[in-house]
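Heads up, the chain shows up twice below as C-alpha cells, two forms, tagged structure 1 and structure 2.
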Structure 1
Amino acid sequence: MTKSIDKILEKTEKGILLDLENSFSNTKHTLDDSTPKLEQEYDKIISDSKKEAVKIEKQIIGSSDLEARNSQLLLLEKSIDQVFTTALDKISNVERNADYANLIKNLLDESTKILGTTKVIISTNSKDKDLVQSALSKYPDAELSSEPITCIGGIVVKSKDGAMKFDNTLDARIQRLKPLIRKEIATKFGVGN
C-alpha cells in the first residue's frame, strides 16, 4: 500500500511539476509576447506626453504673447487718447483768421453738396457764428440758427424740411478720422498687425 501511495504521490508530483512547468512556460511565453506591446505602449505614452508638453508650451508662449500685445495696445491707446486731447485743445483755441474763414466756407460747400440742397439751417458754436454768417452770403436760401451748439468748431447743416442732417463740425470730422489715425499710428509702431 505504501508503494501504491508512493506511486500515486510520485505521479501526482510529476503531474503537478509538469503543470507548473507548463504554466511557467505559458507565462514566460505570454510575458515575452507582451514585452514588445508594453514597450510600444511605453513609447506611445512618452511620445504623447512630449506632444502634450509642446502643446502646453505653445499655449503658454501664445498667452504671454497675447498678454504683451494687449499691454502694447492699451499703452498705445492711452497715448493716442492723450494726443487727441492735446490736439483738440489746440484746435479749440485756434485763431479765427482768414484761413479759418476759408475752412468754414469749405465746410459749408461740402455740406450743401452732400445734402444736395442750399435750403438749409446751419448751426455752429458762438465763436464761429460771425464767420458762418458772412459765409452765408453765397447761400441766399440758407439761414443761421440762433441757438449755438457745443463743438470745437465747424457746422451742423440740416435741410429746412428736417429730412437730412450733416454734422460737419471739427469734432465729428475728427471722430470720423480717429479709427484711421489710430490704425496708421498702430501700424507705424508695429502694433495690431
Structure 2
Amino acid sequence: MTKSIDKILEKTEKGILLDLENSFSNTKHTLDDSTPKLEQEYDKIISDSKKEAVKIEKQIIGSSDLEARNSQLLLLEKSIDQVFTTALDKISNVERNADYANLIKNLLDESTKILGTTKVIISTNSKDKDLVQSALSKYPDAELSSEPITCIGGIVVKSKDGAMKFDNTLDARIQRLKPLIRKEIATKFGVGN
C-alpha cells in the first residue's frame, strides 16, 4: 500500500518536474524570441526620439533666429526713417540760392520735354514761387498756378487741357529713389552689401 502511494507520488513528482522544466524552457524560448523584438522596438523608440529632438531643435533655432532678424529689421527701418526725416527737413530748409534756381530751371526743362508741350500750368510751394516765376520767362505759353502745393521743393507740371501731369517735385524724386537711398543708408549701418 505504502509502496503504491510512493510510486504514485514519485510519478506525480516526475510529471510536475517535467511540466516545470517544459514551462521553464518555453518561457526561456519566448524570452529569447522577444529579445530581438524588444531591441528593435528600443532602437525604433531611440531613433524616433532623436528625429523628434532634431525637429524640435530646428523649430526652436529657426523661430528664434527669425525673431532676432525681424527685430533687427524693425530697428534698422526706424533708423532709416529717422535719417530720412532729418534729410527731408534739411532739404526743405535749404537756401534758395543760384544753385537752387538752376535746379528749378532744369526741372522745368525736363518736365516740358517729357510732356512734349510748353502750354502748361505749373504748381509749386510758396517758398519756390518766386524762383519758378522767374524761370518761366523762357516759356511764354506757361503759367504759374496761384494755388500753392504742399511739397518740400520742385514743381508739378500739368498740360493746359488737363490730360497730362508730371510730378517733378523733390518729394516725388526722392520717393522714386527711396529703395536705393534705403540701401545706401543700410550699408552705412553695416547691413547689406
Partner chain sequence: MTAEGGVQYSKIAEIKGPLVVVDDVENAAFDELVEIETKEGERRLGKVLEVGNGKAIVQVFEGTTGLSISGTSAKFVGKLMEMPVSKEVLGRVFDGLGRPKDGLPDPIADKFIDINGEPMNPEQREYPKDFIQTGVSVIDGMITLVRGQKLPIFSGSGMSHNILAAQIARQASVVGTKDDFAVVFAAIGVQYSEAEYFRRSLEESGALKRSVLFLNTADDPAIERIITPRVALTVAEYLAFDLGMHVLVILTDMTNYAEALREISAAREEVPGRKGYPGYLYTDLSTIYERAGKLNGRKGSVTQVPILSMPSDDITHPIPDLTGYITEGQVVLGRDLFRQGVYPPINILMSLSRLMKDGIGEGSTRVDHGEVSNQVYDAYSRAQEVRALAGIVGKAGLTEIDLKYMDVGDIFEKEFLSQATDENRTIEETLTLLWKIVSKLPKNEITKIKDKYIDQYYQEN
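Here the structure is a predicted model, which is why all the values come from computation and not from measurement. For residue numbers, the reference is structure 1: its sequence is counted from 1. The term rigid core refers to the maximal set of C-alpha atoms that superpose within 1.5 Å between the two forms.
Check your understanding: Which number, 1 or 2, marks the form predicted on its own?
Key -> Of the two forms shown, it is structure 1 that corresponds to the form predicted on its own, while structure 2 does not.
Exercise for review: Kindly check if the Cα atom of residue 45 is displaced 2 angstroms or more between structure 1 and structure 2 relative to the superposed rigid core.
Suggested key: Comparing forms between structure 1 and structure 2, the residue 45 CA shifts at least 2 Å.
Review point. Treating the chain as two rigid parts, what angle does the smaller turn through between structure 1 and structure 2, in degrees?
Key: The computed domain rotation is 18 degrees.
Check your understanding: Keeping the rigid core fixed, what distance in angstrom separates the two C-alpha positions of residue 185 between structure 1 and structure 2?
Key -> After core superposition, the C-alpha of residue 185 moves 3.4 Å between structure 1 and structure 2.
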